[in-house]
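Consider the single chain below, provided in structure tokens and representing the form predicted on its own.
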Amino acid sequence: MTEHIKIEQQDGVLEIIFSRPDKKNALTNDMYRAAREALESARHDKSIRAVLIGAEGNAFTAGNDLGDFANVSSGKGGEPQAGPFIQTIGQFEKPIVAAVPGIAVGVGTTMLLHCDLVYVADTAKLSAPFVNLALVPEAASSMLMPARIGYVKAFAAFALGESISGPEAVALGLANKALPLDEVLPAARSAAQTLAKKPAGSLVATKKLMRDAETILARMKQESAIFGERLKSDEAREAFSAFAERRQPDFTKFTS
């Protein structure tokens, strides 16, 4: 476990709270592992009927910790844990509610495509700027995002790094409600507690009917293979070096 993930259970709801507010809840390998293990435990625990994912502070998550990414890119890091977490949340059968208090970058946005109810702050900014890091989308978002919000909007999010505001996320179908910051977590908790009182078998069956799990998993595996290749590419090394050196990357010296 890690002190940067807080796990609590009450009245049939398991809460997974990102707790690294000083780093805008950027997700480390240890955080991914702890969140995945909590989901795996909840999957088999009949007393848990719904899951809530939230965060401390005014950010949901700034995405992957780029220090971990840079280590993997340079061959110094261990096995990335983002993939196993993504596969687990993508196949999770019980309902998941998300409380998004602020920025949600990369996986912070794509994981929302696997949450069943999403409550965002009206000041939130959702973004998935994978191309900026010389990477590709993950979490089956290359399929799910265009299906949800349309191709051109999804391409602008991935390729241009354009962000989506809280109210716009609601209008596009990425979130249920945009609320003042201090109302986001209470609203998500209320929804999770309501779900926990519903017939669990019916909820699981309904979610299975609404999601093509095999197709989603197949796209995740396809993305993961390309993502792994891109992570070790010269372009990715340039992106991470530029970030560490606080400069603009220069990708013009590389060919496709």
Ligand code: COA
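Remember, predicted model here, so these are calculated numbers, not experimental data. For every residue, the number given is its place in the sequence shown, counted from 1.
What follows is about the form predicted together with ligand COA, which we do not show.
With a 4.5 Å cutoff on heavy atoms, residue 223 does not count as touching ligand COA in the predicted complex; it lies far away. When ligand COA is considered in the predicted complex, residue 133 lines it closely, a heavy atom lying within 4.5 Å.
Taking the partner from the other structure, ligand COA in the predicted complex has a heavy atom within 4.5 Å of a heavy atom of residue 64. Interface membership of residue 26, defined by any non-hydrogen atom within 4.5 Å of ligand COA in the predicted complex, is confirmed. For the options 157, 185, 145, 105, the one in contact with ligand COA in the predicted complex, meaning a heavy atom within 4.5 Å, is 105. The partner is absent here, but in the predicted complex a heavy atom of 22, alone among 22, 234, 245, 11, sits within 4.5 Å of ligand COA. Proximity to ligand COA in the predicted complex, taken as heavy atoms within 4.5 Å, picks out 105-113 from the listed stretches 170-178, 82-90, 145-153, 105-113.
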